[in-house]
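Here's a solo chain for you in structure tokens, the form predicted alone.
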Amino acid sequence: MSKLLEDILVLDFSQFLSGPYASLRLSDMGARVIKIERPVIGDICRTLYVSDVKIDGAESTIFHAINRNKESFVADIKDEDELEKIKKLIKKADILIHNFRPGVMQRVGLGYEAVKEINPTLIYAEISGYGEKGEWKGFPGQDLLLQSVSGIAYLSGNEADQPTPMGVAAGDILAGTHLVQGILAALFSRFNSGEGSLVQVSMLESLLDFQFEVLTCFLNDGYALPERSAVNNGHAYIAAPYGIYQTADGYIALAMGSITLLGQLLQCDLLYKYNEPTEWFDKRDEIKLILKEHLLTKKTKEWLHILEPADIWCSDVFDYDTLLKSDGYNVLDMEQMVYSGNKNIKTTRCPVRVDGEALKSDKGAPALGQDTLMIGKEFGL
């Protein structure tokens, strides 16, 4: 287990994905994370089923994946006595994380200014859906909704397709990642100043930053909207051949490259006339349509054996089953077993390596309130 953040205590009031993802990463780096959960229900993510897979027929797999290596302390922060216990914990903590809607923590007496009085050295870190200001601030910070208003859904799919969201909770995970970056910077600053900080991230800002490349194009191109390819769209601002194409037995991905060279390597006479790089964008759908038909004539491996030695940027297209059987996946050792009571859960590990060593821990997610008594004794609550 990593000791990078040893002796750093995190109180995590957050639920669902964005905040718990941030505390997960801090835990992976050696911090001690105590989840503050409400009685009976706990983190709603305990029953957030993203598939029909449940652990022991009850709790969700996603809860166990994102809350491994944490402790659970149950408290009703609307109860005055329970709130006093939480304030005692805050006095000892280094970091506090929450992802409630703006105003919720202030109403229970745990807003930043109040907490700063309790512990001036605390790093107070919060995630919102849309920020602290404006008419959207009270809207639910749900990932699909954020992807929808951020513009990102208009980048995937072909020109004629409806807006297409990413198949993962990109807003949640990016916001959690950005919050950790801010927390680590604030911790470094505290070593010099001795003072805490307020770190704020919104899911909308995280998704906008995620699109910095395409948004910068839009902002500097006369506000011309991105135009998805009508054929095998891969990127609204990149010329042919960029995209994924069907082959005789599967699919092949082609990134940026010379159409002239592709025509020669693939022995595709119809591509020879496109010898001006400007045409590769202006006539990209014509070119992609030719490639679409031509690439159906051979199997994926046959095309790869031609293109890879010529340093053409290309790859096979795997589903999860194929990926997990590949050497490229297995050499990374991305899986780990975590143990929670009598439950064994296979999940992914932290992607960070330090001094060549992957950051792993086999401690699973806690049962609701399993650490309440122990924490109460330890901190004299």
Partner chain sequence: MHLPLKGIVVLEFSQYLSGPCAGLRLADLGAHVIKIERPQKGEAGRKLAIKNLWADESSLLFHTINRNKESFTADLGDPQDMQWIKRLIGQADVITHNFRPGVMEKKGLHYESVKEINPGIVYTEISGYGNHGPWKNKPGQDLLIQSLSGLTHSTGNYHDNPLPFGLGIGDYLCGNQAVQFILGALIRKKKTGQGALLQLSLMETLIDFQFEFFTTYFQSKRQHKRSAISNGHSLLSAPYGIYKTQDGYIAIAMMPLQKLNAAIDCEALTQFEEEDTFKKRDEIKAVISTHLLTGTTTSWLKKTQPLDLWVMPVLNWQELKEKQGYKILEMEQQIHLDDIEITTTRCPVRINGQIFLSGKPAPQVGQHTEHIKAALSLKYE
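Positions refer to the first chain, counted from 1. Predicted, not measured: the structure shown is a model, and the values here were computed from it.
Beyond what is shown, the protein has a form predicted together with its partner chain; the following relates to that form.
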{"property": "Of Trp303, Tyr274, Phe100, Tyr242, the one that lies within 4.5 Å of its partner chain in the predicted bound form (heavy atoms)", "result": "Tyr242"}
{"property": "Site check Gly134, Ser156 and Met256: each within 4.5 Å of its partner chain in the predicted bound form by heavy atom", "result": "yes"}
{"property": "Stretch in contact in the predicted bound form with its partner chain, which is absent here, among 258 to 266, 145 to 153, 71 to 79, 85 to 93 (heavy atoms within 4.5 Å)", "result": "145 to 153"}
{"property": "Partner proximity in the predicted bound form: Leu368 to its partner chain, non-hydrogen atom cutoff 4.5 Å", "result": "no"}
{"property": "Distance check, Ile66 to its partner chain in the predicted bound form, heavy atom within 4.5 Å", "result": "yes"}
{"property": "Touches its partner chain in the predicted bound form: Pro140 (any heavy atom, 4.5 Å)", "result": "yes"}
{"property": "Distance check, Lys3 to its partner chain in the predicted bound form, heavy atom within 4.5 Å", "result": "yes"}
{"property": "Any residue of 204 to 234 that, in the predicted bound form, places a heavy atom within 4.5 Å of its partner chain", "result": "Leu204, Glu205, Ser206, Leu208, Asp209, Phe210, Gln211, Phe212, Glu213, Val214, Leu215, Thr216, Cys217, Phe218, Leu219, Asn220, Asp221, Tyr223, Ala224, Leu225, Pro226, Asn232, Asn233, Gly234"}
